[in-house]
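Shown next as structure tokens: one chain only, the form predicted on its own.
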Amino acid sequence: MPRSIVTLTSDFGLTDAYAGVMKGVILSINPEVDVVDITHDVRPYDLLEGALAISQTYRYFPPRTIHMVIVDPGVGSARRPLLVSAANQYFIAPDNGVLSLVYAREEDVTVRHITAAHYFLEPVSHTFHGRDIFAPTAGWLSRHVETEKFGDIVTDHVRFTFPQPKKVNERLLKGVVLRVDRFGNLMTNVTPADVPQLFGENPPAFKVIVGKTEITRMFTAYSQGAPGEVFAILGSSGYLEIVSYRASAAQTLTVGKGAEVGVVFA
């Protein structure tokens, strides 16, 4: 049987010991598991960014991978810990919507409320469920404990609506910047399904408006732009991005997450 894999996605950063402690708990339960960091640089409390991070990565892992997603501003409250089965993968996360994009993309989803306290660390902290509830659950699940032993199925789990582009008229589509990566690239919520003509072989004249800037060039690779030039590109995540070759588009345009994006056709 192949070694189990547990991935970690969180807003803990790497300055503090939180991520390391969770790994220690998992490895104490199953020393044979492989623990993989997806990211710990989700912006604090940013559920949408956490949802994007896991939605862009889980399909690239082997079957039965266990994904811990700990972006948990409601820790210690009545929000529930969840164990989700979908796409032949497992997800362990708080019930706050951070798995909303997984729910939206997968048709066959089973959600369980984790209530089997005998798997938890004791005493359970009111401020660190990642260590005391989620990590132990991941550890025992990686040892092939059946999912039904962790809790009952629920159907009222929290989901938030992902921001969708809005077609204003035949010439104008309005979107929004979802996130800014460490290179200053602006990832929008616009996809080829929203504006297929933009991504065809002979696209019509267009401009992408972000802030006070109009962008009229689109390339297929970053290196096609001149140094410092701002242009559009279809990013690896499948979204339209505003980028700058070897520079930060966010700094150049002085815009960030939440900025309105307009795609206008002649």
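Just so we're clear, the structure is a prediction, and the values are computed from it rather than from any experiment. Counting begins at 1, following the sequence as shown.
FYI, the form predicted together with a further copy of the same chain isn't displayed, but the following is about it.
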Checklist entry - Thinking of a further copy of the same chain in the model of the complex, which stretch from 68-76, 133-141, 146-154, 163-171 has heavy atoms inside 4.5 Å of it? => result 68-76
Checklist outcome for this item: Of V210, L198, V230, I38, the only residue with a heavy atom within 4.5 Å of a further copy of the same chain in the model of the complex is I38
Checklist entry - Does at least one non-hydrogen atom of G20 fall within 4.5 angstroms of a further copy of the same chain in the model of the complex? => result yes
Checklist entry - With the partner left out of view, is L240 within 4.5 angstroms of a further copy of the same chain in the model of the complex by any non-hydrogen atom? => result no
Item to check | Touches a further copy of the same chain in the model of the complex: G225 (any heavy atom, 4.5 Å) | outcome: no
Item to check | in the model of the complex, T15 touching a further copy of the same chain (heavy atom, 4.5 Å) | outcome: yes
Checklist entry - Mind listing which residues of 162-184 have a heavy atom within 4.5 Å of a further copy of the same chain in the model of the complex? => result R179, V180, D181, R182, F183
